[in-house]
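The chain that follows stands alone, in the form predicted alone, written as structure tokens.
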């Protein structure tokens, strides 16, 4: 089993958290609990999908990013931008204007991530055709999906494609081009403008790699505001930059059906974390056959629905489709920086597309390091489930009855945390009502059960 801990981009601000349990209820891997009136993260379960971030009513969950001022530590400051970033802006804002704004902010080079998509598609088709490929091959593009499989579907890790996503390949390419042009490696800083938290986590602790070629990450919503502010202060739209040398079809790579459209054979595209889990359960149960390649995205509409995207995902997709049609299959010059075609470096990049190490499963519910003890604890979980009501109400501070049972055997909770069993114990006089009340206070915080007309839900109703 892989020992290196996951890096998590999501952080809970406990002083802001109101313990509403919204995050706990939407987490696809049951990584959240409520204790003492605050959300608590079980890090071994978290896949940084950002579902909790989307539903938090008080913004107590934040997504980290590197300080933008960090780019000035480098002589060559490269902005790696995904195509969805252009789609955040209205049709009145051209890619050229976005490019010039990024240069004004302080970047010396701007490069679109999907430039490497066409090259990667050739590598994927070769990978799928290999007799050693485990079918269906699952795309490694979405890091949240890769982590989901690691922690929730470990039997499927061998299906994950052992090839880098376009982000990593573009970073390798651009660093190589700058070095070939005379830049010193230590003078190059490559910064990715990310639409999601999972990509931050993947950059900080990459799966199948010791380190990432990417220096830092800037959240897309932050950069969108910076760029838009710069553009609004200009009287005329700039046209100094040309479009990137990218085929129109390639810039759709991060969207639903964007990757599978490049792949030979029988392909299927799935988006949305709930749909992904449902399908992976079928795949694990061997209910799915005759599929060569699976494109799975954790966000609806792919990266257009990323939690750090500023724009409406449907409008973003439509803008990207328009841009794709306008560009067609014509390749033009790069937005900025070295103008050498990526295919000139194909042999160099081909050696660096595969992951260095195989992807290994992660144990989401490690009941004990000792296998014999873990098996006994699993039996205890089953016994506790006989007593728990199976209602999954969440009042115990865990998302499901089974999650509570697992917490109990690990010493993180007690069976009396279940409000239904509390009532049974009170009825049989095994638990005093005062003790029952204290249990609820331990989970949901003191004074939580007192009358409060100023609670958030009331304020929202009044507004």
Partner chain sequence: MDLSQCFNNYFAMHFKYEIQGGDFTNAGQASSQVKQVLKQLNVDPKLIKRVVVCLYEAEVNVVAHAWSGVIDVEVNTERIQIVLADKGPGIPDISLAMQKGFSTASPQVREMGFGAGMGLPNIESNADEFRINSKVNEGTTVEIMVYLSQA
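Here the structure is a predicted model, which is why all the values come from computation and not from measurement. Positions refer to the first chain, counted from 1.
The form predicted together with the partner chain exists for this protein as well; it is not shown, and the discussion that follows is about that form.
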{"item": "Contact test in the model of the complex: residue 350 vs the partner chain, heavy atoms, 4.5 Å", "value": "no"}
{"item": "The partner chain contact in the model of the complex: residue 310, any heavy atom under 4.5 Å", "value": "no"}
{"item": "Contact test in the model of the complex: residue 51 vs the partner chain, heavy atoms, 4.5 Å", "value": "no"}
{"item": "Residue 154, heavy atom within 4.5 angstroms of the partner chain in the model of the complex", "value": "yes"}
{"item": "Selected contact from 356, 375, 179, 391, since only one has a non-hydrogen atom within 4.5 angstroms of the partner chain in the model of the complex", "value": "375"}
{"item": "109, 292, 284, 118 - the one with a heavy atom within 4.5 Å of the partner chain in the model of the complex", "value": "284"}
{"item": "Stretch in contact, per heavy atom within 4.5 angstroms of the partner chain in the model of the complex, of 257-265, 154-162, 210-218, 300-308", "value": "154-162"}
{"item": "Every residue of 368, 382 and 406 near the partner chain in the model of the complex, heavy atom within 4.5 Å", "value": "yes"}
